[in-house]
Every structure is written in C-alpha cells, then in structure tokens.
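Given next, in structure tokens, is a single chain: the form predicted alone.
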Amino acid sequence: MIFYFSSTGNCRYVAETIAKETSDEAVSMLDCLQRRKLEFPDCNVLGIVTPTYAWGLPDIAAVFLRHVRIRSRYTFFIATYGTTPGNTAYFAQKNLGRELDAKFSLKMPDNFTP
C-alpha cells in the first residue's frame, strides 16, 4: 500500500505510478484522515510519498503518520521537492515512530515564488 499526500498532483502521480508498476494500491492520506480509516493490519510493503514543505513534512502527512496503525515488512519513503528535500525523511520516520527501510527524494518542478 502506498500512502500519499498531494496538493499539486505531483505526489499522487508518483504514488499511482509506483502502485501501477508494483500491482499495489495508492491511497490518499487526506481521504484516510477524513474517513477516520487509520488501521491497516496486514500490509506487506508500506510506501509513503509526500512533498517537502519548508524542508519538512506537510502538517497533514505528520498527523497521518502519527495516527496510522500499519504492520509492514518493508517501509519506504519518497519526498518530492523543488529546491531541496530538507529533513523530510527524518520527520516522516519520527512521526511514524519506526525506522524507514529506504528513503528517496525526487526532484520536481519548483513552485516556490518568493
């Protein structure tokens, strides 16, 4: 299962592309929070895809990771970013409460306009 948070569509695209290639399912973190569906007892591979906000996690992703209950054998994380992924993986790991097996970052078009 691959959970994503996406406000521009980039992370949704990344999650759905990976899910298609691995015969998995891409699920919106926001949808899970709104439906209060936060327990997933048997998940072989857990993927997390989020954008980088101010060198860290978006608040919605942090809340989701703190409250979700998932058992998985392998957990990977992907941060999309425009300038730098910052410490997004560190914060994801901290909010999830366990080690990530793999951490990746994926450069996307930057939308920061000072």
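Since the structure is predicted, the reported quantities are computational estimates derived from the model, not experimental observations. In this text, residue numbers run from 1 along the sequence as written.
What comes next is about the form predicted together with a small molecule, which is not displayed.
*Asks:* Going by a heavy atom distance of 4.5 Å, is residue 72 a contact of the small molecule in the model of the complex?
*Replies:* Heavy-atom contact with the small molecule at 4.5 Å: absent for residue 72.
*Asks:* Is residue 3 near the small molecule? Define near as a heavy atom within 4.5 Å, in the model of the complex.
*Replies:* Although the small molecule is absent here, residue 3 would stay clear of it in the model of the complex, with no heavy atoms inside 4.5 Å.
*Asks:* Residue 9: heavy atom within 4.5 Å of the small molecule in the model of the complex?
*Replies:* Because a heavy atom of residue 9 falls inside 4.5 Å of the small molecule in the model of the complex, the answer is yes.
*Asks:* Considering only heavy atoms, tell me if residue 44 and the small molecule come within 4.5 Å of each other in the model of the complex.
*Replies:* Judged by the heavy-atom cut-off of 4.5 Å, residue 44 is well away from the small molecule in the model of the complex.
*Asks:* Tell me the stretch among 35-43, 22-30, 59-67, 75-83 that has any heavy atom within 4.5 angstroms of the small molecule in the model of the complex.
*Replies:* Comparing against the small molecule in the model of the complex, the contact stretch is 75-83.
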